[in-house]
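Next comes just one chain, in structure tokens: the form predicted on its own.
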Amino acid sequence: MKGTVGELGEFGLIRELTSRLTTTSAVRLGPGDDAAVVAAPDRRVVASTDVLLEGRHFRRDWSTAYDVGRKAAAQNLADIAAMGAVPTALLLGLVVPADLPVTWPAEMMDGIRDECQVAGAAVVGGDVVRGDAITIAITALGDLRNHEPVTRSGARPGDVVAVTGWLGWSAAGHAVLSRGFRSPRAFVEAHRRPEPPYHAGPAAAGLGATAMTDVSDGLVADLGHIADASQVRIDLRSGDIDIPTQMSDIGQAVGVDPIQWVLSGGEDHAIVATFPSDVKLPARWKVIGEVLNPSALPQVTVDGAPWVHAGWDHFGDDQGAE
């Protein structure tokens, strides 16, 4: 592919992007009409949407277009899994400058397509618009498969808190990139391309999870949403949370206690849930805390004490790109 998006034109770009897509059995009518048709056997559709803005959520000097596509899809599909649903479809809204090389959105679409395949979903449509900065808006859909949705409001005193997936890896990778390095590669790649445990959400619903969310803004911050919605206190045991040796080494090198990344770093999209204490959890789940009666306001504590480091806030004054 040669040239720019402006030279290719709107409909040429749409043809290029849709030519790269695959489909699934849930897609009854894909891109090319006024709207797509996706099967909903459960007769309920779980839906979530998110927006990524260049310079705010990704940097082209840190991540390839393919990386950005994988990340954009992953963070939306993880929201579907965190409701206990199976991802089925994804819609893309794309804003790009006219002088952007065509290869960039094409490679981004490859990333979105490949991440959808990991989750068992497919891109079914979208829109492209000319603008000054690259903006990616994604809507993900999912099927509950006859389960009730697992919301944030069901945690009860006596439940255990368990997590599956990585914690703090993306934040550690961000710290590495911020200092101009590209290794350890595993942490940098975790930041560029998160790997949500999609299977874990529906599996947790089947196990009887009482509340659930994915870790997008930081473990404490996201559990805070559960604590608030459920009107409970959640206490985490820091000694039960694994910190890899390489993460500790990175922390020592940059002067950061890695527990801050684990508890406050977002964008790993691990799944954290509360379960009745008598549920036998598979080995992939790690119990890291418990649900208690609120002593005052609903909150999350760590080893019995408040955690003072905030997680991600899109309107915070100190939030940089990625």
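In case it trips you up, residue 1 is the first one in the sequence shown, and so on. The model shown is predicted, which means the values in this text are computed figures rather than measured ones.
Just so it is clear, the following notes concern the form predicted in complex with another copy of the chain, a form of the same protein that is not shown.
When another copy of the chain is considered in the model of the complex, Val129 lines it closely, a heavy atom lying within 4.5 Å.
Contact annotation for Ser48: at least one heavy atom lies within 4.5 Å of another copy of the chain in the model of the complex. Interface membership of Lys280, defined by any non-hydrogen atom within 4.5 Å of another copy of the chain in the model of the complex, is ruled out. For Thr164, no non-hydrogen atom is located within 4.5 Å of another copy of the chain in the model of the complex, even though that partner is not displayed. Only one segment in the set 38 to 46, 66 to 74, 284 to 292, 256 to 264 has residues whose heavy atoms sit within 4.5 Å of another copy of the chain in the model of the complex; it is 38 to 46.
Shown without its partner, this chain lists Ala119, Met212, Ala175, Ile234 as candidates; in the model of the complex, only Met212 has a non-hydrogen atom within 4.5 angstroms of another copy of the chain.
For the residues Ile80, Ala204, Ile112, Leu219, the 4.5 Å heavy atom test against another copy of the chain in the model of the complex is passed only by Ile80. Taking the partner from elsewhere, no residue among Ala227, Asp242 and Gln299 has a non-hydrogen atom within 4.5 angstroms of another copy of the chain in the model of the complex. Residues are counted as partner-facing when one of their heavy atoms sits within 4.5 Å of another copy of the chain in the model of the complex; in 64 to 98 these are Asp79, Ile80, Ala82, Met83, Leu91, Leu92, Gly93, Leu94, Val95, Val96, in sequence order.
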